[in-house]
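Encoded as structure tokens, the following chain is the form predicted on its own, with no partner shown.
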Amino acid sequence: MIDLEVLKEAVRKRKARSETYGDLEFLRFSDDFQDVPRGTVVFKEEVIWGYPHIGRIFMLEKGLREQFTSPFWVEEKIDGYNVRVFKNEKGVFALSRGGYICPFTTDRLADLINLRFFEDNPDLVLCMEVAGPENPYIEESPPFVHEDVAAFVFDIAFKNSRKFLPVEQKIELLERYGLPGVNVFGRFTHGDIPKIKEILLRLDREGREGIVIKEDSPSDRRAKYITRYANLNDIRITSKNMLQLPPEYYTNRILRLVLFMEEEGLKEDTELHRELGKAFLHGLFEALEEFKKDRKVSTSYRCRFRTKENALLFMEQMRRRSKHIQIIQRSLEKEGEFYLLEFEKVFMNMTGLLGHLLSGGLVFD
């Protein structure tokens, strides 16, 4: 558990806030505070610790030799959003990375995973990525999820603890309960780096995000490494609303892209120049055309809910949490066994800037 004085100080400094979800009450750490990570949630009898920050290596071979002294597991990193799923006396819930209970994921849990896992293992927490073209948070989807959403468990944690099950035990539990997991490429040593590079080249060709490396030791040291494709794709899907992001978001990805190519022996060519330029410019041209047509810059989403109540709760939560984005519900209709929600995120910063510029406004550099 977290020390009571730490909790009191976090609340006093507004680093932890009271939250409710239905009749469930909890304390949510909205920022890192002392040794408590953002997204940690405190209930009366238990703590669900926030998922730890994982460092990134930019040079694969040197990074692996520098950061890992024992054999390590290599797993696929999935392009989705991160949730922690747990059970208490009120039911089974999914927590977002920031510590909110997600109405969408909670609504769809029975479709995504075998909930019997929690009947037998009430003290465990499933850490998983949810991904697919009909998710309500991010615009991109892995190439192997063609509709709706799917779940991929990447860790199993303990309640009231920062520890995770070792990878082999995690794999055994996933198989026992038929739970979907991320690809585990194997257990490697530094002598296997050529094999790992081959894996990364294949992931890059297939339009996949990258890998997470987990040391097979009590320290459980971790790192992540991203493909060339993922860095280009991050730029492509955010350029339409680049005002929301700091400049280092883009400079980091350009640097990571170049270093990935250096590591993998890929050559600079005109196709790369074209791809990078298009990644930046296509979104901006799209934003401009949208504004000229509709006087706004936005992105549309659609997702499926089991209940209408959860869809409305999701919309309420999104509106409450969005500071520079306007959330507009377009439709909510019963379609077969689901309620299909369609909504729009209007990017107020980009909309406002284009309105100012296209009307002849001044900008001082």
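All residue numbers refer to positions in the sequence shown, first residue = 1. Quantities reported herein were computed from a predicted structural model and do not represent experimental measurements.
The form predicted in complex with a further copy of the same chain is left out here; the points below concern that form.
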With the partner removed from view, which of 250-258, 154-162, 103-111, 129-137 is the stretch that lies within 4.5 Å of a further copy of the same chain in the model of the complex, judged by heavy atom distances? 250-258
Contact flag, Phe43 vs a further copy of the same chain in the model of the complex, heavy atom cut 4.5 Å: no
Does at least one non-hydrogen atom of Thr270 fall within 4.5 angstroms of a further copy of the same chain in the model of the complex? yes
Taking a further copy of the same chain as it sits in the model of the complex, is Val363 near enough to touch it, meaning that at least one heavy atom pair lies within 4.5 angstroms? yes
Does a further copy of the same chain get within 4.5 angstroms of any non-hydrogen atom of Val6 in the model of the complex? no
Though a further copy of the same chain is not shown, can you say which of Ser70, Gln67, Gln329, Gln326 has a heavy atom within 4.5 Å of it in the model of the complex? Gln67
Just one of Lys87, Arg236, Arg221, Arg208 has a heavy atom within 4.5 Å of a further copy of the same chain in the model of the complex. Which one? Arg221
Contacts with a further copy of the same chain in the model of the complex - residues in 269-288 whose heavy atoms fall within 4.5 Å: Thr270, Leu272, His273, Arg274, Leu276, Gly277, Lys278, Phe280, Leu281, His282, Leu284, Phe285, Leu288
